[in-house]
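Coming up is one lone chain in structure tokens, specifically the form predicted alone.
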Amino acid sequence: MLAGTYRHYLGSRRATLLAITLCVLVSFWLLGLNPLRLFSGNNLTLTRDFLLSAFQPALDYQKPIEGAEPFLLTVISTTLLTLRFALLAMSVAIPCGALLALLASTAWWPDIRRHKMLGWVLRPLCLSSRIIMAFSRSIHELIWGLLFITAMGLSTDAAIIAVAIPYSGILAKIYSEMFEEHSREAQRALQAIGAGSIVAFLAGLLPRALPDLITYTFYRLECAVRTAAVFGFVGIETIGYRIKLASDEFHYREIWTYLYVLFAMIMVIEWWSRALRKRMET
């Protein structure tokens, strides 16, 4: 019986892998992708030069620019602008996401079977919050960016709002699911000794969920840093903007310097997140 079950499992897994492979091949055909193009014309030389430049990141401009500030000073200022962009977007998204998560979660509700009038208020409020969450995250931040840049002009404020809107919806969805899925034993114990529903939520459930909430928040901060870099390609002066300028001039060593700085920022955020989680769990 176990052998039959094992063969059935392997068979279903093979079928799944085969289906995925076929989907990939069909996608390649529909999109007209051809990896052999990398080896045609001058493409292989450009690819080789780009990869070899990874071992020699620039410490100065590859082509001197008269009157420009030192290259490393440009790298530092651009990095700070990118980080500021991400932090400002998250400073808006976190409180908005937390508020929507509370409104969309039933974890803090009192027993609405005993408070029917309150249930008539909470249910529509919960549904409305979930609709707002779904709408805000259904549109990508780049699309929001195009809308706000068109309306407000090419400015950092427009880009920050464009990132904060979908991130608020994403954070709210994950926060509310964490509230719903965490164990409620401590919360129920507090309610059993007479604590109110909100007090039981704040003292019994929220502290247990907080490490996961913080970990996910830091992950979204990483995403915000990457998004800030991407917004540089539409004119916002972040790392992406400098990468685009260097790419236009085929200054690959400068590109790798900015990529390594971006990598370092992500690693620092990852280390910060893990250190904070460990401190909370001890």
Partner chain sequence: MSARAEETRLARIAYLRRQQPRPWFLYLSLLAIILAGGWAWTAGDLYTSVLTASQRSANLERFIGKLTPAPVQASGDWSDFRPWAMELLVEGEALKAVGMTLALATAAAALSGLFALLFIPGAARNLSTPRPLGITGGRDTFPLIWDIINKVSRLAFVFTRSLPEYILGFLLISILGPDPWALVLALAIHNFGILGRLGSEVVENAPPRPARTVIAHGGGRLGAYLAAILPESFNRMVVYFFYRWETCVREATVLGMLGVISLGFLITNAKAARSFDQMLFFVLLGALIVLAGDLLSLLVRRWLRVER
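Positions refer to the first chain, counted from 1. Please read all numbers here as calculations on a predicted model, not as lab measurements. The term rigid core refers to the most C-alpha atoms you can superpose between the two forms while keeping them within 1.5 Å.
The following text describes the form predicted together with its partner chain, which does not appear among the structures shown.
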property	result
Within 4.5 Å of its partner chain in the predicted complex, all of Arg226, Ala229 and Ile255 (non-hydrogen atom)	yes
Interface membership of Leu88, its partner chain in the predicted complex, 4.5 Å heavy atom rule	yes
Heavy atom of Ser155 within 4.5 Å of its partner chain in the predicted complex	yes
Partner proximity in the predicted complex: Phe55 to its partner chain, non-hydrogen atom cutoff 4.5 Å	no
Its partner chain contact in the predicted complex: His140, any heavy atom under 4.5 Å	yes
Its partner chain: the contacting residue among Leu72, Val121, Leu127, Ala134 in the predicted complex [heavy atom, 4.5 Å]	Ala134
Contacts with its partner chain in the predicted complex - residues in 69-84 whose heavy atoms fall within 4.5 Å	Leu80, Leu81, Leu83, Arg84
Ser91 C-alpha relocation of at least 2 Å between this form and the one not shown, rigid core basis	no
Rigid-core frame, C-alpha of Ser129, shift of 2 angstroms or more between this form and the one not shown	no
Did Ser155 shift 2 Å or more between this form and the one not shown, C-alpha, core superposed	yes
